[in-house]
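This document starts with one chain, in the form predicted alone, laid out as structure tokens.
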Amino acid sequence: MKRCSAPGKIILFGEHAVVFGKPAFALAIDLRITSTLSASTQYLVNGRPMKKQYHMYVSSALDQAWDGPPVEVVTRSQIPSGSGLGSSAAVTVATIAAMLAEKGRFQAEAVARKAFEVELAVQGRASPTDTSTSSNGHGVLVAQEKMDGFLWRIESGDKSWSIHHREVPEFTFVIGYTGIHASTGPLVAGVKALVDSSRDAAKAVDRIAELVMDGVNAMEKGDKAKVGRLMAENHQLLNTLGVGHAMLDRAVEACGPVSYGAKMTGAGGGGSMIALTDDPTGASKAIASTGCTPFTVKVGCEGVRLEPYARRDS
């Protein structure tokens, strides 16, 4: 039938604040998840009967985008689960894309819209940052107002986000993966509770919104030093929101001498950090010294795409 792949992402600026309608800026990375859809006599995921409690994203994707006969979904991932690199968004986007492609309706905006609904259903609270970045690729700026590079607008209740395409310079990022899985839903809910009860937390969200736009402008100018300084500030603000972790802090600190700046990326509570650097070898060694697993990624990569499919491969 159909096979599609979608990239993971790093959030350069704005995670958590974006849930409150603030801007965020994310970059697609060259780690992908592939989802293959094929005919079956029952609903299967990777050869096993599909169960909602174990296959939440695939099951919800089927609810959103499939009304045909039973199918098997086979996924292959280059992205560590729970790493903060958008694995849930990528598997959702790739799976929905395969379903829409089978119906002859494969189109990035349609995929992004349905994928956001899946993440919202599974997590309870969500922004379209991950799913739109995985769908569009390259760089994605999420903001309330419509700007240059506008792609589409997504709404949920009283929240709305305008999604914009941004080209990305050839910056080098090294990721440090803690190996610690922290579920996004509870972290997002915890930030919401803190912001509702703490003026300092609310101010932190507002400051994150300010530095997102400064960071986008700095990246478009190729100003690595300023991007790095803003990354470091964003990291401290996320700690203020209670989503930090000691292992992330150690890796960020270790990268100081060999990077322009570093920060956690994604929901936090574990997951991963990122460092902007011209010395990926040095940054990798620094990250490894803290117990995190380092790997270098390319950014600004292609979004969801249809892949060649041969039945003998399945």
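Note that this is a predicted model, so its numbers are computed, not measured. Note that residue numbering begins at 1 and tracks the sequence as displayed.
This protein has a second form, the form predicted together with (R)-mevalonate, left out of what is shown; the following refers to that one.
My question is simply whether T75 lines the interface with (R)-mevalonate in the predicted bound form - judged by any non-hydrogen atom within 4.5 Å.
Answer no; every heavy atom of T75 is more than 4.5 Å from (R)-mevalonate in the predicted bound form.
Taking the shortest heavy atom distance, is L12 within 4.5 Å of (R)-mevalonate in the predicted bound form?
Answer no; every heavy atom of L12 is more than 4.5 Å from (R)-mevalonate in the predicted bound form.
Looking at the partner-bound form in the predicted bound form, is A126 within 4.5 Å of (R)-mevalonate by any heavy atom?
Because a heavy atom of A126 falls inside 4.5 Å of (R)-mevalonate in the predicted bound form, the answer is yes.
Might V299 be said to contact (R)-mevalonate in the predicted bound form, defining contact as any heavy atom within 4.5 Å?
No - in the predicted bound form, heavy atoms of V299 and (R)-mevalonate never come within 4.5 Å of each other.
Let me know the one among N136, T184, N234, T178 whose heavy atoms come within 4.5 Å of (R)-mevalonate in the predicted bound form, would you?
That would be T184.
Consider the chain as shown here, without its partner, and state which of A286, A267, L62, L248 has a heavy atom within 4.5 Å of (R)-mevalonate in the predicted bound form.
Looking at A286, A267, L62, L248 one by one, just A267 meets the 4.5 Å heavy-atom criterion.
Out of 147-155, 164-172, 126-134, 213-221, where are the residues with a heavy atom within 4.5 Å of (R)-mevalonate in the predicted bound form?
In short, 126-134.
Can you tell me which bits of 15-54 touch (R)-mevalonate in the predicted bound form, meaning any heavy atom within 4.5 Å?
Stretch hits, in order: E15, H16, V18, V19.
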